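Only one chain comes next, encoded as structure tokens, the form predicted alone.
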Amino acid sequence: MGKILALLIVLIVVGSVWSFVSGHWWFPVGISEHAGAIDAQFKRTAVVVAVAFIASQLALAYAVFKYGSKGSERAIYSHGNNKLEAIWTGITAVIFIILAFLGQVVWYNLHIRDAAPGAVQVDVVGQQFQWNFHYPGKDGIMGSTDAKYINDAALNYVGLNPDDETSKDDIQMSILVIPEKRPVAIKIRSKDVIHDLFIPALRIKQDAVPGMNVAMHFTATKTGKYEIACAELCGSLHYNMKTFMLVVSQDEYDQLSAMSEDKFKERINQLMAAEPLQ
């Protein structure tokens, strides 16, 4: 029985490793400037975890193979070796501190470092169970918002201030529309519970927290239609909180920016119907 169980452990290890190295279960193609750095960080982390996983499971298989059929023989108690424990604890700490530092470099570039001048401004508001995107409209100025103005019945999902002249041409819709190869700066917030803006193609996964405005920026490098989901359990219809990101050419975006809200939404619906999901 011990030999069969040891063989089963080895097969599980081989199957687990193959599931990663085969490339069948990995990220979709990245379309942002920072996607390469994030993918590299994931790969570094996966290699470290894989080494630990393979070593520990093969050690377990060896122990089961050698001692699994010993019957009633009692295990030998050992006090361990303090020196060896200190060495492998120190090595583990150094490896994971380095990984954490490398990951923070990417995070800093996206969240702390300012977006490039001329970046497109988009505000993101999550609610149960939809995403709302706020665009500055024809004047190019983002109108002021306040939670007290939020009124779903009046389709004012982001809380546009009706007394602010700059907000009168602002656009609200449930689809994220951005230009290709141009920096985009977004601010993410929630008006009820914690949500999570997850755009796999951009390698973005950021919580939307009530009472907080979380800023980040990115640059999409390829036109197309991509999926957006909520990656934080937010209620009974969480599974249905999904929408799309539409990346268009700069010329197309310039034309959209000059449109009224009705024309803007009409054109977006046309593009969405014509564009296949990437």
Partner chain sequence: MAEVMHPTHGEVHHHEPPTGWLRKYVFSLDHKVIGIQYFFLALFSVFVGMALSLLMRLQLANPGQKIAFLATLFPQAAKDGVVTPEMYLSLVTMHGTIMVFFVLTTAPQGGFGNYFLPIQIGAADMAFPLLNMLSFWTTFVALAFMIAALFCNATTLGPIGGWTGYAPLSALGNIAGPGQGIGVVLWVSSIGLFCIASLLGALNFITTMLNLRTKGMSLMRLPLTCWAWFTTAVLSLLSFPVLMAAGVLLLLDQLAGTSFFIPTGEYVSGKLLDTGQQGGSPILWQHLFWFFGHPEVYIAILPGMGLTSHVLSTFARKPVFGYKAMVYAIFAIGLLGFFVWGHHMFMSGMDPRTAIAFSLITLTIGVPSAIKTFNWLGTIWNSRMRFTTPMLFSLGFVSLFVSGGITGLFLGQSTIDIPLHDTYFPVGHFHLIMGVAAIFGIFTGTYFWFPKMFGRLMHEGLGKLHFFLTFIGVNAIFIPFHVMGMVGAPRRYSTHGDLQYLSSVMPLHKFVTYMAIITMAAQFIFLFNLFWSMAKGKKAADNPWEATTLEWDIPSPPPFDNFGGVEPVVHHGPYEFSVPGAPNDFVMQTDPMVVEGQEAE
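Source: prediction; values computed, not measured. Numbering follows the first chain given and starts at 1. In this text, rigid core is short for the largest set of C-alphas that superpose within 1.5 Å between two forms.
Absent from the display: the form predicted in complex with its partner chain. The rest refers to it.
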Within 4.5 Å of its partner chain in the predicted complex by heavy atoms, the stretch out of 179-187, 146-154, 132-140, 161-169 is 146-154
- Query: Hey, in the predicted complex, is residue 242 touching its partner chain, heavy atoms inside 4.5 Å?
  - Reply: yes
(request) Flag residue 230 as yes or no: does it have a non-hydrogen atom within 4.5 angstroms of any non-hydrogen atom of its partner chain in the predicted complex? (result) yes
- Query: How about residue 122: is it within 4.5 Å of its partner chain in the predicted complex, going by heavy atoms?
  - Reply: no
Please tell me whether any heavy atom belonging to residue 175 falls inside 4.5 Å of a heavy atom of its partner chain, as the geometry stands in the predicted complex.
no
Contact with its partner chain in the predicted complex, heavy atom within 4.5 Å, among 255, 269, 16, 260 goes to 16
Of the residues spanning 182-203, the ones with some heavy atom within 4.5 Å of its partner chain in the predicted complex are 191, 192, 193, 194, 196, 198, 200, 203
Quiz prompt | CA of residue 57, rigid core aligned, shift of 2 Å or more between the shown form and the other one | solution = yes
### Message
Is the shift of residue 113 between the shown form and the other one large enough to count as movement, that is, does its C-alpha move by 2 Å or more after the core is superposed?
### Response
no
